[in-house]
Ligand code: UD1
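In structure tokens, one chain follows: the form predicted on its own.
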């Protein structure tokens, strides 16, 4: 029986995809160096601790496990860090992706799902991006992902790879059954930070920018529950297995919530009053970024199951309370 290799499968999004793959009986092998992932998050899948840029290791795993599809999540993802240390991002995100593609080519693996990002669009004028919106990343993180997309497309054009590129918008929430979640230390994503504050892990919560041209002055983003995003990956894998054409697809719900709306939802769900500090805008933050995601629904038959802000917040809060209980004396 063939296997699926998941790079970065011990991380937040990768682990949710691994869990869904295992639940439907797939054989999965994870490669993760555990610098930001967690061994426990892999659960019952096989874990190989190592680096995606290690060609000898990767090619051995691809061969020994009879891998016929790769899901590639391994990457650094913190935008401000990418500005401070761009070479770290080009090394891990771009160069290691090039190495992985070379390993796939050397071992005859022709199917790959790539974890990309809405950051490839930069700051679209309308605040809404479809897959044909000009690609103008404004930070090294977005550029590192766009460079990887370009390599993958060129490899596909050469006849050596079938792929689906999934461009994520704002991924949020956790497994509704509380088995895995987002455990990243020093997280920067709004919902994670707000939930950490609600359980007492942080003393306050900052809003960066309250004077945007939006209904309440704060930035608007398209939040997609991680379980719905994971389900899109399984749909994409099935598409490639059915010899479907290579695709690039936005992953979002097609509507957004403001920073204040998310904070209000966290207060409503948690029952805690949050200490919110208003700060100036951060450079490079668009006022609004929402996915035009009809293509995902049309091409893969994907339908969201958790398009509800309070549900998204509730699953994130449940996970944060679980983490807090584990660390309390």
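The shown structure was predicted, so the numbers you read here are calculated from the model rather than taken from an experiment. Positions refer to the first chain, counted from 1.
One more form of this protein exists, namely the form predicted together with the named molecule; it is left out here, but the text below deals with it.
- Note that among 94-102, 227-235, 204-212, 244-252, the stretch whose heavy atoms approach the named molecule to within 4.5 Å in the model of the complex is 204-212.
- The listed set 151, 240, 78, 199 contains one residue whose heavy atoms approach the named molecule in the model of the complex to within 4.5 Å, identified as 78.
- Note on contacts: among 146, 83, 189, 128, the single residue with a heavy atom within 4.5 Å of the named molecule in the model of the complex is 189.
- Among residues of the shown chain, residue 193 is one whose heavy atoms approach the named molecule to within 4.5 Å in the model of the complex.
- Shown alone here, residue 285 lies within 4.5 Å of the named molecule in the model of the complex, counting heavy atoms only.
- Within 4.5 Å of some heavy atom of the named molecule in the model of the complex lies at least one heavy atom of residue 219.
- Mapping the unseen interface onto this chain, residue 115 falls outside it, with no heavy atom inside 4.5 Å of the named molecule in the model of the complex.
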